[in-house]
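Next comes just one chain, in structure tokens: the form predicted on its own.
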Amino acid sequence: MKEIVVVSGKGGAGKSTITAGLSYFLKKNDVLVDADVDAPNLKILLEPEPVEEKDFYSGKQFKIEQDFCIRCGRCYHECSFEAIEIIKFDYVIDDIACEGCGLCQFICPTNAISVADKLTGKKYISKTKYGFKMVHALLNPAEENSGKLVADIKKVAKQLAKEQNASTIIVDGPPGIGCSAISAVSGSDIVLLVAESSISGLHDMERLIELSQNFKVKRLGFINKYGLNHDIDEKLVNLFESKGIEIVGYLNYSQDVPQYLKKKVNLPEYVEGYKKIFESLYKRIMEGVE
């Protein structure tokens, strides 16, 4: 079984468009993962129907039990994060401001502060319109630990792939170089680095290449919106070549692409020219694995 992770240094580089295009060639027993848990959008193109849904818990949630609180104010004055508010003479914990350190519970003289695991998101296994299953998740607004959630759904995907005797897992990684991107790349066989032909795309790709070189994983390059800026195109090609990263494909800049995406069209499904591009890309990636 091989795992291919598609990542980009920034949002909007076309990573999910490329991932959706590649997924068109997956077998029905293969597995797709949308690991962009802060803003998953593969569902727009692949129309998954959930077959399994589970809660995701991360961190701790503290609560002041008003029946036991004597309003001494120690928690309010000692909280370094100013996460305790006074509402109608009651002390109340602001869940967004709370960092979960537990100091309030430790110093409370009446043990009036309870703690429980914090529900921070949902995990799903869904069946896509192409027949293969997709593992995805959604982190609740303002919640942290997206890296832990990415690691969690990748573990679910590997187990599912094993049960289905799958040969391939494709992961749509989160944008950027944060902990969630690190979780997505960890343990993979190939990382497809998707660069956008823009100044920010070039600089973000430099950071992503620096990050990815810390992993013992084969790296391949792809340039999206090729032709948008010829000077940047040349610099991206030179950047990949200087780092020994093979460029396995290009997608020319076209105003037709956003129009197709607005209509929820997965490019290789309806446009013959794009089907050939993505089929060639898929084959080159698979050759890279072998």
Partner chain sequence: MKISIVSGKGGAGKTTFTVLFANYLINKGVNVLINDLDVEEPNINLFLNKKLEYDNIYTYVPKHIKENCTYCKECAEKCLFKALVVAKDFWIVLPELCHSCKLCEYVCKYSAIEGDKRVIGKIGQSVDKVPHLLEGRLNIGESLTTALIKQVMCKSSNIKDNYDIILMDSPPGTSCPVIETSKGADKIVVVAEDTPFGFSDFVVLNDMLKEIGKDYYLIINKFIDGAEYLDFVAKNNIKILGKIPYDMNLARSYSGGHNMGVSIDFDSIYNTLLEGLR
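For clarity, every value in this text was computed on a predicted model and none was experimentally measured. For the two forms, the rigid core is made up of the largest set of C-alpha atoms that agree within 1.5 Å on superposition. Positions refer to the first chain, counted from 1.
The following text describes the form predicted in complex with its partner chain, which does not appear among the structures shown.
Trainee: At 4.5 Å by heavy atoms, is each residue in 50, 109 and 128 next to its partner chain in the predicted complex?
Mentor: Result no, not one residue of the spot touches its partner chain.
Trainee: Its partner chain isn't shown here, but in the predicted complex, which of 240-248, 23-31, 254-262, 64-72 has heavy atoms within 4.5 Å of it?
Mentor: Contact-bearing stretch, as computed: 254-262.
Trainee: Name the single residue among 200, 186, 164, 114 that comes within 4.5 Å of its partner chain in the predicted complex, judging by heavy atoms.
Mentor: Result of the distance check: 200.
Trainee: Identify, from the list 217, 92, 177, 156, the residue with a heavy atom within 4.5 Å of its partner chain in the predicted complex.
Mentor: It is 177 that has a heavy atom within 4.5 Å of the partner.
Trainee: Answer yes if any heavy atom of residue 10 is within 4.5 Å of a heavy atom of its partner chain in the predicted complex; otherwise answer no.
Mentor: Yes, residue 10 lies within 4.5 Å of its partner chain in the predicted complex.
Trainee: So in the predicted complex, does residue 229 come within 4.5 Å of its partner chain, heavy atom to heavy atom?
Mentor: Yes.
Trainee: Whether residue 142 contacts its partner chain in the predicted complex should be assessed with a 4.5 Å heavy atom distance threshold; does it?
Mentor: So residue 142 counts as contacting its partner chain.
Trainee: I'd like to know if residue 86 sits close to its partner chain in the predicted complex, meaning any non-hydrogen atom pair within 4.5 angstroms.
Mentor: Residue 86 lies outside the contact set for its partner chain.
Trainee: Under the 4.5 Å heavy atom criterion, name the residues of 16-51 that approach its partner chain in the predicted complex, in sequence order.
Mentor: The stretch 16-51, when checked against its partner chain in the predicted complex, contributes 16, 17, 38, 39, 40, 41, 43, 44, 45 at the 4.5 Å heavy-atom cut-off.
Trainee: Using the core for the fit, does the CA position of residue 199 change by 2 Å or more between the shown form and the other one?
Mentor: Stays below the 2 Å threshold, so no.
Trainee: Is residue 184 displaced by at least 2 Å at its C-alpha between the shown form and the other one when the rigid core is overlaid?
Mentor: Superposed on the core, residue 184 moves its C-alpha less than 2 Å between the shown form and the other one.
Trainee: Can a Cα shift of no less than 2 Å be assigned to residue 209 between the shown form and the other one, given superposition on the rigid core?
Mentor: No: residue 209 shifts by under 2 Å between the shown form and the other one.
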